[in-house]
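This document opens with one chain alone, in structure tokens, the form predicted on its own.
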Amino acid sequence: MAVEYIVYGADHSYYTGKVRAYMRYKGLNWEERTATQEVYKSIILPKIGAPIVPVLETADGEYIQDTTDIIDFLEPRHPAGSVCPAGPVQRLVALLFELYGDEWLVIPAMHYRWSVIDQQREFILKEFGRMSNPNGSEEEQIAIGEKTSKGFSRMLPALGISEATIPAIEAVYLEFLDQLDKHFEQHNFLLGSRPSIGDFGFIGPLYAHLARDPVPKAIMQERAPNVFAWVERMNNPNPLSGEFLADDEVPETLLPILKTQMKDQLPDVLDAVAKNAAWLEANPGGNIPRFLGMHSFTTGDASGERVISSFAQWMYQRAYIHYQSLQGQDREAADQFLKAVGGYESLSTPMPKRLERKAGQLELVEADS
């Protein structure tokens, strides 16, 4: 049987891990191909217009980029074993966790990869070099990795990773590991025995950076063995198996993680929403830049400066739109839950303008009513 889907990506890629785990869980007819220099030149740049992975190619010649778009594209075509819970509160939590994994856990992931590069230099550089030239010698791969990784290692200040914030970033991450480890003592996945979109949001950082790179891998294995076991389950799933917890239950073990997300990430996102709206007012009809300057943020007990990511709104509004669509008892249950984790005011804040993603750009869809 001909392959139905091809995923172009890399082992060390943050977001490739999200799609890879999804494709395996859904049991699709697919294969993964390394995004070598030749693949970038001949496929990714011509079809996507930017040097970015992962990219999904279909047997019909369609190309989809961005993990959320890829999963949204595939879910209705392969509805068995849906990764989107039907329960209104579970779905809200799953979408919030996808946001957390995609847009916030990148901070500890990038810190543990690049701030301690001297302790794992050969591994990291070889990974980058192997992606570009899989058949090259180890020396050649390391030399290539030196060049191709520079852009990533220079991103730390933009992400808010500095001498002032690193102690808090590590403290918050270690607390997160402890909390998640306690949860996985009782459950195979976040919301039951089936992975949700939230699990796939988490696996990106928790696999490629934090469970493969030598320094954070050792931390996870020693401090959070149940999280490391979950990483292995996500990468080697029993396709289409499992169920979400009955009665729209959200385990209490997840509440501390959600409280941290509401306290640290949501103010950052809401400021990005406000900045996006202001930019659109000043530039009617334009496509919003990916970054809109810098703003203050907090993580744990530290404050710093980080880039304003306009894209964060697009991810956040998936949870926001779902929440705003709820009515009656479903809305009451969601309200009660959000109040318990400190997210009610954030999710109730009107969104002046909603955005749509097209070919890597964000543009206005409509004003919120």
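Remember, predicted model here, so these are calculated numbers, not experimental data. Note that residue numbering follows the sequence shown and begins at 1.
In what follows, reference is made to the form predicted in complex with a small molecule, a form of this protein that is not presented.
- In the model of the complex, at least one heavy atom of Phe152 sits within 4.5 Å of a heavy atom of the small molecule.
- Taking non-hydrogen atoms only, Asp102 approaches the small molecule to within 4.5 angstroms in the model of the complex.
- Although the partner is absent here, Ile52 sits close enough that one of its heavy atoms falls within 4.5 Å of the small molecule in the model of the complex.
- For Arg121, no non-hydrogen atom is located within 4.5 Å of the small molecule in the model of the complex, even though that partner is not displayed.
- Using a 4.5 angstroms heavy atom cutoff to the small molecule in the model of the complex, all of Tyr14, Gln65 and Phe311 count as contacting.
- The stretch that touches the small molecule in the model of the complex, counting heavy atoms within 4.5 Å, is 66-74, out of 326-334, 66-74, 298-306, 26-34.
- Residue Arg290 is the only one of Arg290, His78, Arg223, Lys147 with a heavy atom lying within 4.5 Å of the small molecule in the model of the complex.
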